[in-house]
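One chain follows as structure tokens, the form predicted on its own.
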Amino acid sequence: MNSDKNEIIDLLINRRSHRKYLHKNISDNIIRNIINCGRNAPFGGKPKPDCQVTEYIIIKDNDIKKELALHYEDRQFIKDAPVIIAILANKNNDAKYKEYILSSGLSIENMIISAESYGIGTCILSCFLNHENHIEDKEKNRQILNLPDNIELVALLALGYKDNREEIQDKELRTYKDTVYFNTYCG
């Protein structure tokens, strides 16, 4: 797919979401490294602790994972993921900064790529941030994780060593020409 011989570019282009995992623990050291990659993502504001809004909950408890799956058929795989990381935004840490979703999203991408470098598959799950039809589900997730009002649940990230028996669909993208413009939008 990529004509350049660049390991990082290949990893970015060829990475796919995984929903089937081997029954193999991920070491605490690898989890720490993955989160540290997330912590080192770009974030808004000065490079100081009080500007860092993203926080994390490492979830290994099977009962909590089962609850977080809610009633959605397409979320049930998280019950079998060895680790779920809840990505949070502490809105009090830099109260003037309103782009906490962007900062947390950059953190998530760093974690996904670092997990991939370990051969660990990931799948990001929405936490219904802006979906009016899922207000109750969002609140249920918040209650499960005991989140105070100032903490926004941005996403859940399932992690596990990839089960190579999983059938992964090819990704179909819009063409470069259909998505890239020069100087102004001309769609």
Ligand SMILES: Cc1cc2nc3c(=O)[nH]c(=O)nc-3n(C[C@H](O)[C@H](O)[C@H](O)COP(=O)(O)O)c2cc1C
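Bear in mind the structure is a predicted one, so any value in this text is a computation, not a measurement. Residue positions are given as counts along the sequence shown, with the first one as 1.
The form predicted together with the named molecule is left out here; the points below concern that form.
Note that among 28-36, 63-71, 143-151, 122-130, the stretch whose heavy atoms approach the named molecule to within 4.5 Å in the predicted bound form is 122-130. Contact check for K24: no non-hydrogen atom falls within 4.5 Å of the named molecule in the predicted bound form. Heavy atoms of N164 never reach within 4.5 Å of the named molecule in the predicted bound form, leaving it off the interface. In the predicted bound form, none of the heavy atoms of K20 sits within 4.5 Å of a heavy atom of the named molecule. Using a 4.5 angstroms threshold between heavy atoms, F77 counts as touching the named molecule in the predicted bound form. Heavy atoms closer than or equal to 4.5 Å to the named molecule in the predicted bound form belong, across 156-179, to one residue only: K171.
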